[in-house]
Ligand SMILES: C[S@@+](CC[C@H](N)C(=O)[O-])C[C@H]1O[C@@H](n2cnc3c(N)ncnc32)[C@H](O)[C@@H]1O
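Only one chain is shown below, in structure tokens, and it's the form predicted on its own.
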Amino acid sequence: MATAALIENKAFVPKEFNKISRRYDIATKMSQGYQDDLDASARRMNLRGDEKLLDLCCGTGKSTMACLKFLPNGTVTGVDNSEGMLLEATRKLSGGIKNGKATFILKDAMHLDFADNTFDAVYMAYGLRNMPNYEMAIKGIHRVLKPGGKICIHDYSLADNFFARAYWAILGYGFIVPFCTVMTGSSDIYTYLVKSVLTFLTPGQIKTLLENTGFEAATTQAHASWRKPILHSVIAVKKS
């Protein structure tokens, strides 16, 4: 599918992920710091360790693995709208599924049907950017999160300056698209990735969105090394 169509209608994004699901982890393994960054965002949530956590847009389960490291007495419910990505997640975390630590559900993050105040925490890695309506997505998360519960948005969100945008464009078109196309056999989703980041919210705008949707104590934190201008964690608490 053409990149312009994916930007225009993000409902097709999960189908594009289905195409590359079996080779997705090969590409992410070659991205220096990918799992470390997911772990860092989960650590920054300062979880007690016994929470019932919702991992939205969990993909192949790498974000679920990150969250489980900080939940010795808790559980993770992974949700994604791509059958192929969830298949990889269930293979990867079969042990966690068997012992009741992890559950995976095929579901659209824009239309969550969990009861109000179900989860103690929500982790959303590389997901909000793919939602057709950011505000509606955050309102849905707010509804299923318990008062006092924490949300973490982990995403490619560019610092609000020209350098960050230029840096991402060079990195995206010069490395991510050609390299990941070779690794996965598809260029559409990676070209979409680059363009979607260029049109996505800045960390400050995500913080404002959360604060305007019933969250407080919102903070933004950049990640390490070469990802500092382009990758951020935004963490907030649902008002009690």
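The model shown is predicted, which means the values in this text are computed figures rather than measured ones. Just count from 1 along the sequence shown to find any residue number.
There is also a form predicted in complex with this ligand; it is not shown, and the following applies to it.
Student: In terms of non-hydrogen atoms within 4.5 angstroms, which of the given stretches 180 to 188, 55 to 63, 198 to 206, 42 to 50 touches this ligand in the predicted complex?
Tutor: Stretch with heavy atoms near the partner: 55 to 63.
Student: Among 71, 138, 158, 125, which has at least one heavy atom within 4.5 Å of this ligand in the predicted complex?
Tutor: By the 4.5 Å criterion, the partner-contacting residue is 125.
Student: Looking at 93, 145, 131, 152, which is the one with a non-hydrogen atom within 4.5 Å of this ligand in the predicted complex?
Tutor: Answer to the contact question: 131.
Student: I'd like to check something about residue 13: if you look in the predicted complex, is any of its heavy atoms closer than or equal to 4.5 Å to a heavy atom of this ligand?
Tutor: Yes.
Student: Could you tell me if residue 165 has a non-hydrogen atom within 4.5 Å of this ligand in the predicted complex?
Tutor: Answer no; every heavy atom of residue 165 is more than 4.5 Å from this ligand in the predicted complex.
Student: Any of the heavy atoms of residue 82 lying within 4.5 Å of this ligand in the predicted complex?
Tutor: Contact check for residue 82: yes, within 4.5 Å of this ligand in the predicted complex.
Student: Is residue 107 near this ligand? Define near as a heavy atom within 4.5 Å, in the predicted complex.
Tutor: It does: once this ligand is placed as it appears in the predicted complex, residue 107 has a heavy atom within 4.5 Å of it.
Student: Could you run down 166 to 185 and flag each residue that has a heavy atom within 4.5 Å of this ligand in the predicted complex?
Tutor: None of them.
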